[in-house]
Ligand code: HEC
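This document opens with one chain alone, in structure tokens, the form predicted on its own.
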Amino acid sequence: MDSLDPQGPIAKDIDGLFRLTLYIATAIFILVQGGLLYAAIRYRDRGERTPEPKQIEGNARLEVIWTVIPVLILASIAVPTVDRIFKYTSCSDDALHIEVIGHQWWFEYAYPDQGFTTANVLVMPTDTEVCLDMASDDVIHNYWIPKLNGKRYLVPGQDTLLLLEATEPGEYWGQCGEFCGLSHAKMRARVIAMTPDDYAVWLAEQQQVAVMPAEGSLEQAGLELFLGGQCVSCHNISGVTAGNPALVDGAIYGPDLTHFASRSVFAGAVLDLDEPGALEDWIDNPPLIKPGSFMPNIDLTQQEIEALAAYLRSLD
């Protein structure tokens, strides 16, 4: 997560403004410190041989000069800064809109025009302005993908926005930048930028309902546990939980699991699905891994944990 290595046009533009400010501040630092060192050496106490500095009090020309110079310096920084503020606080008409909802401690991503919701991993096409319409479901969060843009708050009861754009396909990591509770440090964000063709394929896959497991399989046993236990009270799986009374009127508080395995990370993007045992450990005791987690320890047996894990891994 390196903000000094911008990977998109927006991040590079902001980086250019940062470097302009840095160069100006460095030049001022050198001039001021150089003047101080010169005065300290030139007029150091040498007894009777100490030279008397020339007095310039009341010199109108000098006062005008050292008033105008700071004004010009500040203007050279303020004008492009204000320009960027207005430039990156509104979305273009052809921008791709994605909704970001902050939860303790994970990010939810809704694609309203495509009709599905996912979590932990935001997928976007390259060379496309992406407008993130952001809000919080609980406390103040802060969405930050350093290589693509700066930070922006997610505030309860208030809508904010952030623009992202990537020029190259790749993986860009981020972090919640505002302390939001016990597991703030474990609230990460992951952005995957794809070519437009690959993105179109991904969209088509995400719009599909979950594939039902084979009868009598371990995955089928996991599905039955999911539907018959507490999981279904907080999580949705498209094509599986449709019509369940527990999932209406905004009662879903956990991530949508329809294509869980396609995301490769989970639990606020801090755990890797390919890591042996990571998913089983999470199902066994979520609060142990993420203190304060609202996903409880429901005292499953090892056999039940393995069945649920097998089913979740089948949701690609």
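All figures in this text were calculated on a predicted structure; none of them were measured in a lab. Quick note: we count residues from 1 along the sequence shown, nothing fancier.
The same protein also exists as the form predicted in complex with ligand HEC; that form is not shown, yet it is the one meant from here on.
Although the partner is absent here, Met124 is not a contact residue: none of its heavy atoms lies within 4.5 angstroms of ligand HEC in the model of the complex.
With a 4.5 Å cutoff on heavy atoms, Met295 counts as touching ligand HEC in the model of the complex. Contact annotation for Gln230: at least one heavy atom lies within 4.5 Å of ligand HEC in the model of the complex. In the model of the complex, Ala310 stays away from ligand HEC, with no heavy atom inside 4.5 Å. Contact check for Arg263, Gly268 and Leu300: all three have a heavy atom within 4.5 Å of ligand HEC in the model of the complex. Picking from 27-35, 42-50, 55-63, 255-263 the stretch near ligand HEC in the model of the complex, with a 4.5 Å limit on heavy atoms, gives 255-263. Proximity to ligand HEC in the model of the complex, defined as a heavy atom within 4.5 Å, holds among Lys147, His235, Arg190, His184 only for His235.
This chain lacks the partner; the member of Tyr172, Tyr111, Phe226, Tyr199 within 4.5 angstroms of ligand HEC in the model of the complex by a non-hydrogen atom is Phe226. Contacts between stretch 5-19 and ligand HEC, counted in the model of the complex as any heavy atom lying within 4.5 Å, involve no residue at all.
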